[in-house]
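Just the one chain here, the form predicted alone, laid out as C-alpha cells.
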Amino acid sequence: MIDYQSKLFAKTIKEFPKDEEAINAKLLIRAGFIAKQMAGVFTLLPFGLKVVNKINKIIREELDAVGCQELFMPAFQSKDLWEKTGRWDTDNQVMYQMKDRSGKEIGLGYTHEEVITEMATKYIQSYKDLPKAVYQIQTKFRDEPRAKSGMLRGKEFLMKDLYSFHANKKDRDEYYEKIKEVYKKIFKRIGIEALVTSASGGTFSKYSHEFQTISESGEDTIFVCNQCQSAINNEIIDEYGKKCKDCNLKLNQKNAIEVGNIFKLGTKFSEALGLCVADATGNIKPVEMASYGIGPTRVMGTIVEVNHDDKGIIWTKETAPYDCHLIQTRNSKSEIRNKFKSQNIQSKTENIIELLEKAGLDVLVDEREGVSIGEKLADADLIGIPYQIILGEKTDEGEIEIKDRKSVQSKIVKIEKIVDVFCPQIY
C-alpha cells in the first residue's frame, strides 16, 4: 500500500499536548496516531489503527495456529447474569451500570466470563465436547478513576480475551502452559520483552501469571532475576522471598507495564452458571476454565514507552504503520532554481514506489510541497517508521539514502537494490 502524506486525514502537531503526563500519550497525539476525546478515551486515527491492526494480526495468527476460534460477544451485559456469579454488586465500582428505556438494568462489559460461560452451556454437554477455546478482540469499558496514562490505562480500550474449557484440572493446566508459550511468541513477534511474572490469582486461584515489560513509567513493581529472568509481582513477593528460587540470586526491583495476564478460573463461573458435563463414568462435574488477556491498545502504548528518543517514536518492524517512509527533500525554491533536478527526483520517486509496491511493502510518501526539508525529516523521526528513504539532490543518479530510525545510521543504496533492503523476509 502506498499513502501520500499530503492526503492524510490527521497531521503531526508541533507542540506536545499540555494536559498529558504519559510519554505514550504525548508522542502518539503529537505524531497523529490518536486523538483525545476525554480523559481515558481516545480515537485511533489511521496511523494508530494500522499499528493496532498489526498487533491484532500477530495475536490472531498465533492463537489460530493452536486451534483457538474467534468470536465476538456483545458489550451490553445483563444484570441477571452477573447476579448469578455475585459480581453485579461487588464489581459496581469498575463496571458502568445503567438502566435502559424499559427500566432493565444492564452493564457495559469490562470482561466476559459470565457471557461466555452462559453461552457455553448451549454447546458443551459432554466431556467429548472438550476441550474448547474461544477468543475475541473487543472494546471493553472500565470506570477507571486514574485515567492519566494515555493508552496504558483507559476508560475504553481494546482487549483480546481468550477463554478455555476443560474436563479436568490436568487438561486445563496443560493448556494453560501451552498458551503461556504462545504468549511468549506473540510478544517476541511484536518486538517487546515481556517477562512471565508470578502474581496473585485474586478470587480465582492462588496464583496467576502476568506478562510484564520493564519500563520506568510502569505502574507495577516486580522483582526480577538478572540471570534467568524469572519475575515476581510485588503483591506476592513476601510469599516468595527476594531471592530467585532457581539461581539463589537477589531479585532486583523494577517498574513494569503489564501487557498480558493469564488466570486459572477453576469452576467459579461454571458452577454458578450451570456449565457441567458428564465424565466418562457418568459423573456430573463442573467444567474447569481459564482466561487469558492481552490489551492491543495497551501494547501500542507500551511500545512507545519503551521505544522512543528525544525526537519521537521508534516502532518495531512488526508493528510500524508502514515498512518505510519515502521522503522527498526537494522544496519549492529548489524547483524554481533547477527544474531538471526536481524532475529527476520525481522520476526517482516513481521508480522507487513501483519497486516497493511490487515487493508488497507499505510505504508512506512525504511529497508535501511548501514544507521545509528540516520539517519533513523532523516529522519522519516523530512518526517513527523503521526506515527512512531520503530522496534529494545530494545522492548520485540511481542512488538513494536509507536511514535506520533506531540506530540513526544511514547508507547509500542503488535504487535497483532497494527491495533487497526492505524485503519482508528479513523481518
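Residue positions are given as counts along the sequence shown, with the first one as 1. Computed from a prediction, not measured in an experiment: that's the story for all the values here.
Beyond what is shown, the protein has a form predicted in complex with adenosine-5'-triphosphate; the following relates to that form.
From the candidate stretches 295 to 303, 165 to 173, 125 to 133, 308 to 316, select the single one in contact with adenosine-5'-triphosphate in the predicted bound form, where contact means a heavy atom within 4.5 Å.
-> Contact-bearing stretch, as computed: 295 to 303.
Option touching adenosine-5'-triphosphate, based on a heavy atom within 4.5 Å in the predicted bound form, out of Glu357, Asp80, Glu144, Asp279 | None of the others qualify; the residue that does is Glu144.
Can you pick the one in Ile222, Met151, Ile186, Ala194 that has a heavy atom within 4.5 Å of adenosine-5'-triphosphate in the predicted bound form?
-> Selected residue: Met151.
Closest heavy atom of Thr121 to adenosine-5'-triphosphate in the predicted bound form, within 4.5 Å or not?
-> The answer is no: Thr121 has no heavy atom within 4.5 Å of adenosine-5'-triphosphate.
Classify Glu114 as contacting or not contacting adenosine-5'-triphosphate in the predicted bound form by the rule of any non-hydrogen atom within 4.5 angstroms, answering yes or no.
-> Contact check for Glu114: no, nothing within 4.5 Å of adenosine-5'-triphosphate in the predicted bound form.
Would Asn261 show up as a contact with adenosine-5'-triphosphate in the predicted bound form if we use heavy atoms at 4.5 Å?
-> Taking the distances in the predicted bound form, the answer for Asn261 is yes, it comes within 4.5 Å of adenosine-5'-triphosphate.
Can Phe269 be called a contact residue for adenosine-5'-triphosphate in the predicted bound form at 4.5 Å between heavy atoms?
-> Because no heavy atom of Phe269 falls inside 4.5 Å of adenosine-5'-triphosphate in the predicted bound form, the answer is no.
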